[in-house]
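Just one chain follows, in the form predicted alone, and it is written as structure tokens.
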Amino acid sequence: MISLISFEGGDGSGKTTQVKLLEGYLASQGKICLCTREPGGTTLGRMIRQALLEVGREEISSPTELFLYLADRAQHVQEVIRPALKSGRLVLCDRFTDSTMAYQGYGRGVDLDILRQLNQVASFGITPDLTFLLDCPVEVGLARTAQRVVEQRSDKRRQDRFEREKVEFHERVRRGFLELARAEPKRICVLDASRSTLEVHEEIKKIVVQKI
């Protein structure tokens, strides 16, 4: 039975949009689900998100960054995800443990075995039943985020800390996600996110219908 679906991918891959589209489709079919995200799925998480992504140009050390994400996840699972799963609700989560492996592990160089142990603690042992990895070339994703900044300039949106990272960092993150997918092909479905939003949604919809 599918209870927790996570959406993963690099910056500009379209995760948030696909979460919302799937939520809308499931609602149209009478399936009410909980949509949430990391970081920022709780009141405390929103504070952590601001510290992590909107701190300006102040440097955050890799260990600090890692433990902030883990703190966000522990609170998120305890306060939001576990209660929803216990009540029988389907949970759609925009980023989860795989992002920690890809960004802090492959991207920052933190030991992967240590990250697996820390993820286990912070997630209370919860693992997604199904993960959609929205994959696209780094240059495509970064172009999308740059365009988003331009479109939202009236709202004073700025690039977050990860969007300002060098291309090489994002390439390592992408490689990490793909390696995770190769290691767990039954859980992680890799989708070509360079296609149109509708094409990606239709593929996700088809897979979810088969699974649930």
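One-based numbering along the sequence shown. Keep in mind that what you see is a predicted model, and the values were worked out from it rather than measured.
The form predicted together with a small molecule is left out here; the points below concern that form.
With the partner left out here, the small molecule still marks one of 5-13, 19-27, 184-192, 197-205 in the predicted bound form; by a 4.5 Å heavy atom cut-off that stretch is 5-13. Proximity of R49 to the small molecule in the predicted bound form falls within the 4.5 Å heavy atom cutoff.
Proximity of H76 to the small molecule in the predicted bound form falls outside the 4.5 Å heavy atom cutoff. The closest heavy atom approach of P39 to the small molecule in the predicted bound form falls within 4.5 Å. The shortest heavy atom separation between Y103 and the small molecule in the predicted bound form is within 4.5 Å. None of V167, I60, I32, L53 but one reaches within 4.5 angstroms of the small molecule in the predicted bound form through a heavy atom, and that residue is L53.
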